[in-house]
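Alright, two takes on the same chain below, each alone as structure tokens: structure 1 and structure 2.
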Structure 1
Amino acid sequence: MSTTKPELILIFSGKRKSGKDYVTDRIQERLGANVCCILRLSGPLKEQYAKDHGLDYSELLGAGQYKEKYRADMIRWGERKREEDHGFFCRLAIRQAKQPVWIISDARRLSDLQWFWREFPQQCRCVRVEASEQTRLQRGWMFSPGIDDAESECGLDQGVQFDWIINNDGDAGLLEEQLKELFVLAEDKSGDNAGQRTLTISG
């Protein structure tokens, strides 16, 4: 599989309703879509799951009850796919990426991180987004057995040394302050694209 080698990969993880999408959207808005792309590992997972099960892919991408209805089974299905091939969803997610800065918005398992570290050892930085349980409840989170205690939610709770930990409890000023270093790094990396080239990703 051929793709364009990135200058920087920001790999985000965090609990449900921690606000990962909000934070990553803020970064892309600041950098611009021509410089920064958001890649969701769950996108190709949901697309393939929808095809295999005759479901509405667009509904699975949303935040409503349709996705929640199938979430647990989709997680189990995805685990089986990953057991067969750790990099299956990672390769699908990056297949059309062209920008110098990639944001992986939803890393959930150590195997996700390990694949990117192996393929792009110089470009990866890991970012954890955190929010209090009270904040997450206010955003609509409710504990669901089999989901919130599964690897998809807990796989990166320990054993990972994050480059940044971002608190996202709703204070816009504090969030902006925490993102400054990320903006500086991304703008520095995206300002020098001369080294970009096409490469082949292994299995």
Structure 2
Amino acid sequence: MSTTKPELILIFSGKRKSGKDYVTDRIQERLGANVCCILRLSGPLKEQYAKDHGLDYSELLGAGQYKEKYRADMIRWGERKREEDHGFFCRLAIRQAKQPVWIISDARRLSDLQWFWREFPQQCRCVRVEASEQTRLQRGWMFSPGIDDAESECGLDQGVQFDWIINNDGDAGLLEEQLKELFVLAEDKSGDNAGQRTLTISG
């Protein structure tokens, strides 16, 4: 499979309604879509799941309640695919990526991180988005047994050395402050030295 080699990969994780999409959208707005793309591991998963089950793919991608009706079954469906091939969704997610900075907005499992670290040992940085339970409840989260206590939500609670932990309980100013270092790194990596080399993904 052919893609374009990135200069920096920011791998985001965080609990439901912590604000992964919100924070990564803000970063892309700041860096610009020519420099930074947002890649969702759940994108190809939801696309195929929607086709197989006659569902609305764009609704599954959104922040509303629609996807929550199907979440438990989507998790099981995706885990069956991952058991056969750990890198299955990672490879699909990066297919079209051309920008020097990639944001993976929804890592959930150590196997996702391991795949990226193996393929791109120099480029990966891990970012955790955190918000209190109270904030997440206000954003529409409700604890669901079998989801919030399972690997999909807890797989990266231990065993990862995060490069940044972003608290997303506060206002825009507080968020901006916490993203400063990350912007400096991304702007540095996407500057003059941002190469456009082609690489081959194995496996």
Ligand SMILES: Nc1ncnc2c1ncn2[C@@H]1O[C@H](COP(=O)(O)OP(=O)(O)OP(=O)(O)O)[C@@H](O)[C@H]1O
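FYI, numbering is relative to structure 1, first residue = 1. Values in this document were obtained by computation on a predicted structure and should not be read as measured data. In this text, rigid core is short for the largest set of C-alphas that superpose within 1.5 Å between two forms.
Structure 2 derives from the form predicted together with this ligand, whereas structure 1 comes from the other one. Relative to the superposed core, residue 65 undergoes a Cα shift of 2 Å or more between structures 1 and 2.
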